[in-house]
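Read the single chain below, which is given as structure tokens and is the form predicted alone.
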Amino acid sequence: MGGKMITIKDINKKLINTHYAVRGPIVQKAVELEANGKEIIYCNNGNPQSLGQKPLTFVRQVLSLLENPDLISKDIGYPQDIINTAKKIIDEDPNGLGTYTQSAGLLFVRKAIAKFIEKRDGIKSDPNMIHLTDGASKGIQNVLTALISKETDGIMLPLPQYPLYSATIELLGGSKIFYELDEGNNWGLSHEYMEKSYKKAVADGIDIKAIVVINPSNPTGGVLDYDNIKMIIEFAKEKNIAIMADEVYQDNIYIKQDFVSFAKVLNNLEINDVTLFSYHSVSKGYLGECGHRSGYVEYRNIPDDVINQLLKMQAVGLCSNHPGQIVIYLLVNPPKEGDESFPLFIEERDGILSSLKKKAKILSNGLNSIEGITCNPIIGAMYAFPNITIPQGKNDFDYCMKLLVETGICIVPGSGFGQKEGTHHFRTTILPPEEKLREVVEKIKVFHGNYGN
């Protein structure tokens, strides 16, 4: 009797229908071209260290001591506060980085995150309402998995949105409910658009479970203010839906506007019947530690029996990766003024953020100088999402693929994020070094001028 090989017919159709443009066919083509000797500038995702951003010294020094504790007793020239931090972590976590932790994550790390939130927002935070995850992405996937059980379970998403959300909802078999961001108003968020999307979904028989808000925004670079957030919270309360606040770019704001968290506004409004899931990560901001896959989700206004189910989901995966948990501890507990390592930390942190601010202007101004391309100001996060005018019959996927083949610039078509019907965009990161970024703009200018000819 013959054997049976798995074929595509055996694969879950939901998986086949799932798309993640940030690492889709264009990126696969880029890898192929690079393997054949072509220089590729990867502008497709927010991967800072792959584009030249140096790791923070204090993070890597502490990690090196924890990975090899024998170094602590040797004179290797590290600042004393770095050594003291490593010793403190070992006291709290004596089994070392090679072990499993509690499913929710190390308690001392969760306590440090709670203190960070309390200091940032001036509000109370409960470490038992915090779970450490393999990047914010895993925490987002866990919550969506818990909320979606049938096709008519819907999640409201901004349009455009980060495709982690649409891909996960597709995989889970739920419904995506898009509310448009207003490109003509710097990608502003409109109550009118939210209301319109909500009413249509309800009329179609969709049970909306939550609204996703990405602030600062990926891919548009927009930043919400207090009143925007207040409006969203009041909308969620009125509609009896939860809020998923993706706040991983909270350190990436390039205007004179402080980051405002959903947790702070929710607390100020004294609303205790709207569930909030808030996310942060070490992958963005000024750390850029994407490879350490570390993030957290903080839960507010959520009953114990629900928390137990979410903890069960954590337990199925045992725990998030152990070294990553330490990196997020270092994110929320950096060197302090008076520490020997503090001056270098400030120099490195401020240097990275200052460079990102400068590059945001270089990219938006450069793209706006190209006839047929318009780009809203990049005031937050790490990306531009310009509107492109292309010949009739062409689409932004073909545009991005041809750009890659001709110039080596790897960007993502706007269709991968969702966009208003009849428009075309692409997303590109601001992360390459300044001179390389100017080169990217110049190559796009030449390419765009010739595209379709």
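Since this is a predicted model, take the numbers as computed values, not measurements. One-based numbering along the sequence shown.
One more form of this protein should be noted, the form predicted together with a further copy of the same chain, which is absent from this view; the next part is about it.
Engineer: a further copy of the same chain isn't shown here, but in the predicted complex, which of 355-363, 224-232, 261-269, 318-326 has heavy atoms within 4.5 Å of it?
Structural biologist: Flagged stretch: 318-326.
Engineer: Taking a further copy of the same chain as it sits in the predicted complex, is residue 76 near enough to touch it, meaning that at least one heavy atom pair lies within 4.5 angstroms?
Structural biologist: Yes, residue 76 is a contact residue.
Engineer: If we define contact as a non-hydrogen atom of the residue within 4.5 angstroms of the partner, is residue 305 a contact of a further copy of the same chain in the predicted complex?
Structural biologist: The answer is yes: residue 305 has a heavy atom within 4.5 Å of a further copy of the same chain.
Engineer: Is there any non-hydrogen atom of residue 98 lying within 4.5 Å of a further copy of the same chain in the predicted complex?
Structural biologist: Yes, residue 98 lies within 4.5 Å of a further copy of the same chain in the predicted complex.
Engineer: Residue 46: heavy atom within 4.5 Å of a further copy of the same chain in the predicted complex?
Structural biologist: Contact with a further copy of the same chain, yes.
Engineer: Among 137, 376, 175, 333, which has at least one heavy atom within 4.5 Å of a further copy of the same chain in the predicted complex?
Structural biologist: Of the candidates 137, 376, 175, 333, 137 is the one lying within 4.5 Å of a further copy of the same chain in the predicted complex.
Engineer: Looking at 283, 217, 341, 252 here, can you tell me which has any non-hydrogen atom within 4.5 angstroms of a further copy of the same chain in the predicted complex?
Structural biologist: Comparing distances to a further copy of the same chain in the predicted complex, the residue within 4.5 Å is 283.
Engineer: Please determine whether each residue of 66, 145 and 162 possesses a non-hydrogen atom within 4.5 angstroms of a further copy of the same chain in the predicted complex.
Structural biologist: Yes, because 66, 145 and 162 each have a heavy atom that approaches a further copy of the same chain to within 4.5 Å in the predicted complex.
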